[in-house]
Ligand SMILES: NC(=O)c1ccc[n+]([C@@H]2O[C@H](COP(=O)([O-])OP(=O)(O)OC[C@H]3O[C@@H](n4cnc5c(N)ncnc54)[C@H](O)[C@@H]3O)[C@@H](O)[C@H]2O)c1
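Below, in structure tokens: the form predicted on its own, a single chain.
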Amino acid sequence: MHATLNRRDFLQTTAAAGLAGAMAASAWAQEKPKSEPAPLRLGVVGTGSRGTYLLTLALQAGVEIPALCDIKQPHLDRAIELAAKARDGRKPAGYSQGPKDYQRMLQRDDLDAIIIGTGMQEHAAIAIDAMRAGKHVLSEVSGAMTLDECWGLVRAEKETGKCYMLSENCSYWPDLMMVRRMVQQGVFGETTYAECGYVHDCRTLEFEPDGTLTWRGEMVRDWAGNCYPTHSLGPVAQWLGINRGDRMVSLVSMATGSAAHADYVKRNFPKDNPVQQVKFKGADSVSTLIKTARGKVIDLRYDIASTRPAFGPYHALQGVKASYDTRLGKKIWIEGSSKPNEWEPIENYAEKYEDPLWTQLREQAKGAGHGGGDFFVIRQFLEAIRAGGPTPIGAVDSAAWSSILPLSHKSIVEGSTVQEIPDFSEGKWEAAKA
């Protein structure tokens, strides 16, 4: 997820990144073939806290960094120095001449790929421009904010042949990957229903100290729907085989008012601060029901405003033979295996169902951000480029998961009307395999 970090938090994050990265670098070094290919050459667009962290992991994976881009010069300078320290003092070129200066960077012929770590509003445009310029793309979440942008990603990936990957780190959490393997091996039987949500008080991230809105705050001001669907929906979509034997066909959304945002502004900023006049379209809580072509239902919740302890994404799955729920503490119940009416830790099944990525690379991923997920995102993106694609989470998945944002907004604005979800696979979902 994106975050605005203070100096202390940033130092703690980069320190953790250094520890994880040292292990990651060691792992990659041990696995390098004798005839090592030339290092991949990456640029980063958006070097705030999130982009800088992904830059750190990429450097530790042995890539070259010819160029970096950010509209804020202090962020760019910090990232340039970080890259220089990792590259024997060789400083990457910097691009900071306005919000479109990344396009000048994309003209370079010494870039194979870019990582996008900007605010969400810019993700799709930069990704599309990059693929059209011949660069592979790793994009932070969500991948797009409008249906036109969703289709733009799909068409750019298809027409250019470049690798596009959505940086959805929750999809790499060990328990969620284990559930996916259990589904594929029939432990759940037929899956019927899933619940998931992003419930995390993020109001402190929506405002600068002077009351100016951050990119998160601008989203809450402008959008009424679920503005951050992929952390919760992504793993569930993979469980249910979305775009691989099934697809999401329609949704309906309902929303509360925005009392929590109004209360936060009233309590934290002076009466004469311009932010007091901002009218937020974003609700305190949004609930979306999604129907799939195979008759399954996904209950998706989004709440970044309600006062509560930190919670974050949650995931639950129901099948005819088993049930899983992270709200209970990563607990599973399997008919005929678990004790009657008694949940048990999913770790009890790790020996048989743990994903091989975690079995092989647990020590290297340990300490990396988002429960180790960031390590695997970077690793699998680089591996996909070297293999010529595809990536594990390509443009079709990114478009489908991200489309919940504009469609939930439209549903709410129109009085909770049902919205059709486009088939971004263009009919290929029926024959595709999970």
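In this text, residue numbers run from 1 along the sequence as written. Quick caveat: nothing in here was measured; it's all calculated off a predicted structure.
Beyond what is shown, the protein has a form predicted together with this ligand; the following relates to that form.
- Residues with any non-hydrogen atom within 4.5 angstroms of this ligand in the model of the complex fall in just one of 56 to 64, 399 to 407, 43 to 51, 382 to 390: 43 to 51.
- Interface residue remark: residue 122 is counted as part of the site for this ligand in the model of the complex, having a heavy atom within 4.5 Å.
- Proximity of residue 188 to this ligand in the model of the complex: non-hydrogen atoms within 4.5 Å are absent; the residue sits far from the partner.
- None of the heavy atoms of residue 135 is located within 4.5 Å of this ligand in the model of the complex.
- Heavy atoms of residue 83 never reach within 4.5 Å of this ligand in the model of the complex, leaving it off the interface.
- Proximity to this ligand in the model of the complex, defined as a heavy atom within 4.5 Å, holds among 228, 280, 264, 207 only for 228.
- Residue 99 is the only one of 99, 89, 356, 257 with a heavy atom lying within 4.5 Å of this ligand in the model of the complex.
- Applying a 4.5 Å heavy atom cutoff to this ligand in the model of the complex picks out 370 as the lone residue from 366 to 401.
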